[in-house]
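What follows is one chain in structure tokens, specifically the form predicted alone.
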Amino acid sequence: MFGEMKVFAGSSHPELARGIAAQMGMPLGASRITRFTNENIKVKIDENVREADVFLIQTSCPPVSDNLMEMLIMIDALKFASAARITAVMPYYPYVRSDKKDESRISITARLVADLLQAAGADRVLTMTLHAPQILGFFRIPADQLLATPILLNHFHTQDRSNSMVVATDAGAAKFAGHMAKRLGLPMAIIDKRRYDDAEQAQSVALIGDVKGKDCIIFDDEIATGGSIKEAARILREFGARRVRVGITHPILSGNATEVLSTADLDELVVTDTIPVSEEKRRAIPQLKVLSTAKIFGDAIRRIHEGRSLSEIMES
């Protein structure tokens, strides 16, 4: 058993960090982060962490590389302050899309990030809904993946589903969509979507299933520019869908996503707070609803500290 539990946070998502700490009934650890004019980062831990079981919360959001470097420096500072164990709590994992070598002479950067975390001194990692589950295999230290499935399902369970069906945005998403459809007790359709190059937006070309007059629910792990979701909504409407609702774990909302989604033919866009969503974006996208992940992360942190299983909250 490790010593006293302490929870620290980087600067990427203070609202979520405070929410997690509040769920656990404890304050965030004291630290100072200084950014100098030469863009160097200095971290000072302002309380004793000797032999403590430390959890460090830092998500991946702009500026992504700066936030990653900040986390590595904080881990190093905690390590050399004699923390007994350091768990990197990363609601959205950095460079998660770079998970395979599908071109010559490129980096599998998700694996590189795993190596950097270990080299900095992290003893384990806690994250949520990886783009590809096999990323867990990149780690040589214990790593746990929480899923936002219970949070999203609970939201849609509270709504009328009598005329609903789940829609997979492409063939690759069919397995996950099928799982969600089963959990909700709904039928499923699949959009035939093709990606022809490095463009972030794919093209929807056909639909497998009958959505006429249906309330369609789309699930996905993340939303970047929003182009694919807007295109999916368009094709569903063309095939007669009555309503289109979307459940997403990670609201990246990059590029011109605000403009794209504000004009998308959606009835509801539900996301979690693994990435901060500014008030400006919330106002600009009237269909947007943000659900909290603080409770599930707080529960997981306490279970890890107490040496208990995460299986009850890691629903597959």
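From 1 onward, residues are counted along the sequence shown. Everything numeric in this text was worked out from a predicted model, so none of it was measured.
What follows is about the form predicted together with a small molecule, which we do not show.
K.L.:
For the interface check, one of 182-190, 226-234, 207-215, 104-112 should have non-hydrogen atoms within 4.5 Å of the small molecule in the predicted complex; which one?
P.N.:
Answer to the contact question: 226-234.
K.L.:
Is R97 close enough to the small molecule in the predicted complex to count, meaning some heavy atom within 4.5 Å?
P.N.:
Close contact exists here: in the predicted complex, R97 approaches the small molecule to within 4.5 Å, heavy atoms only.
K.L.:
So in the predicted complex, does R243 come within 4.5 Å of the small molecule, heavy atom to heavy atom?
P.N.:
Residue-level check for R243: no, no contact with the small molecule.
K.L.:
Contact with the small molecule in the predicted complex for H131, defined as at least one heavy atom pair within 4.5 Å: yes or no?
P.N.:
Output for H131 is yes: heavy atoms within 4.5 Å of the small molecule.
K.L.:
Quick one: is D123 in contact with the small molecule in the predicted complex, heavy atoms, 4.5 Å cut-off?
P.N.:
No, D123 sits far enough from the small molecule in the predicted complex that none of its heavy atoms falls within 4.5 Å.
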